Every structure is written in C-alpha cells, then in structure tokens.
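In the form predicted alone, a lone chain appears below as structure tokens.
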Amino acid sequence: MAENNKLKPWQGWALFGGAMVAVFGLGLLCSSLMHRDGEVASIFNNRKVKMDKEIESRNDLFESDFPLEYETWLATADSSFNSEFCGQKKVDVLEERPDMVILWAGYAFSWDYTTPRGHMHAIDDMRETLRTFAPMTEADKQQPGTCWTCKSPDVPRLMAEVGEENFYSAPWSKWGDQVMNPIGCSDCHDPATMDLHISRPALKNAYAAMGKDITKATHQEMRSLVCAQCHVEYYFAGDKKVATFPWEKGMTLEAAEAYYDSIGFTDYTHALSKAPILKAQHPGYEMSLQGIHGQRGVSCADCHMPYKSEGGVKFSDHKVMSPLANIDRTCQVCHREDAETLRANVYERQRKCTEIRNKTEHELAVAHIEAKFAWDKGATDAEMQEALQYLRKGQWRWDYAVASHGASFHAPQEVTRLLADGLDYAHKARFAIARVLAKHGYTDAVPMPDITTKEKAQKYIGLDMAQKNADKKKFLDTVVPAWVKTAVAKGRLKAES
C-alpha cells in the first residue's frame, strides 16, 4: 500500500520543473516591479520641469514628465459618449423637463441648466451658463467668485495670492482673466511629489468640523477625497460667500437639513409658492457612501479612472468619465458577468429611480402652482406655513437625489427612499393647500397653466429670456476674448490654448 503512494520518477521531475518555472516567473515579476520602481524614481529624479510649489496652475507644464496621464486627461474634451441616462454631451435639461423651471422659480437655475461635460470644458461651461452671467458693470448683481471654486487649478493659486475670503467675496467677473486652466493636475496632485493632495480648503474645514483629521486619510480614501473637493453639497456662507460643506452633523441628507435648519439657511424664496427652498448642488460623494460600492471601499478613481496599460506601463486613465464606457476595465475587474448584462443592470436601477423621480418632480411643480393660487385667494402667512415647510422638505429630497451625478447607480436604494419621501411631502403640501383654499371658499381643482415646454414655463414665471440670451452672447463675443488675451500675455495660459 505504501508503495502506491510514492511518486514516480517522472512525476518528481515534473514537480521540480514546475517549481523552477514558478520561481523564475516570480523572479521576472520582482525584476519588473523593481525596474518600474526604478523608472518611476528616474522620472521624479530627472523631471524636465522642476516644480517646488504647492500649486502649478498651468496643466501643460506637466505634459513632458507625465505624457500618458496628460494625453488621457486631454481626452476629457471628448463629449461623444452617451448612455441611456448620463453621458458627456451637453443637454438642455430644462427643455427635457420643463417642470424643473417651476421648481426653481426665483432662482437662476430656472434660466439655464445643462448637463456637465468633461473636465476640459469646465471653464467654457462656466462662462456660457446664464446662471453666472450678469452685466459686467453691475458687480453687486453678479454671482461671487465662489462660483469658480471647483473649475480650475487657478483657484487655489488665487487663494494663496489674494487670500481665501477675498477670492470668495469678489464679483465673479473679477477673476475672469485669471481663471483660465480647466480642472487638471494640481487640483489633485502635489506638483513637486505628485502625491494626491487636497487643494481646496472647504474639504479640510468640513473634516475639521466633524472632528476628523483629513491628513490621516489612506491612499485609497484619497482616491475619492480628491473628487470630494467638488462633487459634494455645499453653500456660500456669510457675507464673504465662503464655500462650506454642511457636514458638521453628518453626511446624510437629514444631517445636512438639520444643519441648515439650525442656522436658518435658505438658498432662495420660491417666486410662486414663497416656500423657503434649499437648493442641492451635487452631493455625489455623500451619496456614493450610501451605496454598496462606497461601503465596500471602492473609490471614485477605481471606476471613473480605471488602470490602463500602454507600452508596458500601467497608469490611471485620466479621461474621467462614466464606467460604462470601459466596462472591461471597470465593472469586470470585480464582476464576472458579460458587459451587456452589467450595462442592463445599471439601466434597470436608473429606470426605476427615474420613474419615481418623474412623479415627484411633477407633484412638486403642481404644489408650487397651487400655493400661488392660495396666496392669490387671500391666504395668510400663518395658514400657509405648514404647506411651505412640506414644500421645503419635499423639494430638498428631490433635488438632493437628482442633483448628484450618477446617484441612481451609486446608491439606488437611497435615491428611491429620498424620492419617495419627497413625493410624500409633495402630497402633504397639496393637501395642506387644499385645506387653506377651502377656508377661503374654494373647493374646485386649481387651474393649471400650460407649462409643457421650457419656453412656456419660463414665460409663466415671468422670465424675459430673449434679453438674457442677447446679453450673454455679447459677453461671450467681447469680454471673454479680452480675458483670454490678457491671460496669455501674462503667462497664465499657454498661448495656443
């Protein structure tokens, strides 16, 4: 019996040969890693462009030392990708969803709201939107410099030069010939070491407010935190309009709401209903933490900047975009299903969230119109308070859920919960308004205006868009070229840009 357990001579030699092959392979791997480490060290020791400052706003200066990353970063100018719900193309959302004009009546978002394009377009999209535009001679009517905060590495440079508060509180146009380079290298990387770093004070301040030390974040956490500098909920605090994240009480919708309520903050008073409205920005980071990927430690960069190999070099693809464009390098790194199955799973979640979004959006718009009708019938402040608070809560939940880029995939359960709550508050607001109307002798259905197109909805809330668009065209044709010429002359922008 023992004889049968002995290896035959050829089996022993086969095992020996296999072991040698494995050892040789490991040796090659170690050699390769050491060689690549040497290559990386060589790059940093022999950089063609030496940088010893915290911020280098000129993105083009990084090209010679980091050509692969730079080349893929340039590709963020490509706006051709589109999926069923999200993409890189510039889409007029108000045209697709005129109810949103009603929801934002009294706020600049009712003038213009288009989907964001790639990082390369950040400056142009900022200049072109009507939301930031005001006649250049009327500084008091302009948005503050805070609006530039996330659009360029020129921003931390300016903060260092003029002071954080001076940057925020200045009229938006004051920095027109300064903020020129789109979102790029030193927004996320220390120029001298290329380590990930936080270049915006708002995130550092938010961590401090929660009693956390952001300097202790791991490298994997930093691969999301550099994105969290901008893809978050924020507001402009105080007379200085300081960019501030409402995280003091936590990072959920309810925590932000409690924070805003505690300081009596309101973004605007609704032009129709007079409700005190909170306008969500884009809480992508907060929402991602509510989903399964965020809970499992998957970073933003894992999916939006997947690794890529070229010429034997492995690097992060800096063409930041939807993971659906590179399923083989994003989803399939962890999931074994085929690409079409994975894409279908994403769309299924997004469709379900969109279904309830549509209902919530419409009910809120109707509630605002009904509230205006109640005011016109003689409703008092005391009578309307309950309905207005329901409108504030309902619209905040809707906006927080839909303003976050990709939230219906990042955290579909949380999005569904928020939209369901928003729909419930919209219904409660309508019931409350109906009771007020009954007190004033009106029990019929409230007549609804025709708001089936963006133009009709804007006309209903009293906007003169023809004049706004004419002023904006003049601004783009005259002021912006002068800004660019000044920036090039002063070396803030590469000449051919």
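Keep in mind that what you see is a predicted model, and the values were worked out from it rather than measured. Counting begins at 1, following the sequence as shown.
Same protein, other form: the form predicted together with another copy of the chain, not shown, and the subject of what follows.
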Exercise. Do C230 and another copy of the chain share at least one heavy atom pair within 4.5 Å in the model of the complex?
Worked result: no
For this session: Although another copy of the chain is absent from this view, report whether E363 comes within 4.5 Å of it in the model of the complex, heavy atoms only.
Result: yes
Problem set entry | Interface membership of T114, another copy of the chain in the model of the complex, 4.5 Å heavy atom rule | no
Problem set entry | Proximity of N345 to another copy of the chain in the model of the complex, heavy atoms at 4.5 Å | yes
For this session: Kindly indicate whether R296, E355 and K359 are, all three, within 4.5 angstroms of another copy of the chain in the model of the complex, using heavy atoms.
Result: yes
Problem set entry | Options 61-69, 427-435, 468-476, 451-459; stretch whose heavy atom lies within 4.5 Å of another copy of the chain in the model of the complex | 427-435
For this session: Have a look at M210, L196, L130, A420 for me and say which one sits with a heavy atom within 4.5 Å of another copy of the chain in the model of the complex.
Result: A420
Exercise. Exactly one of T215, S262, Q385, T341 has a non-hydrogen atom within 4.5 Å of another copy of the chain in the model of the complex; which residue is it?
Worked result: T341
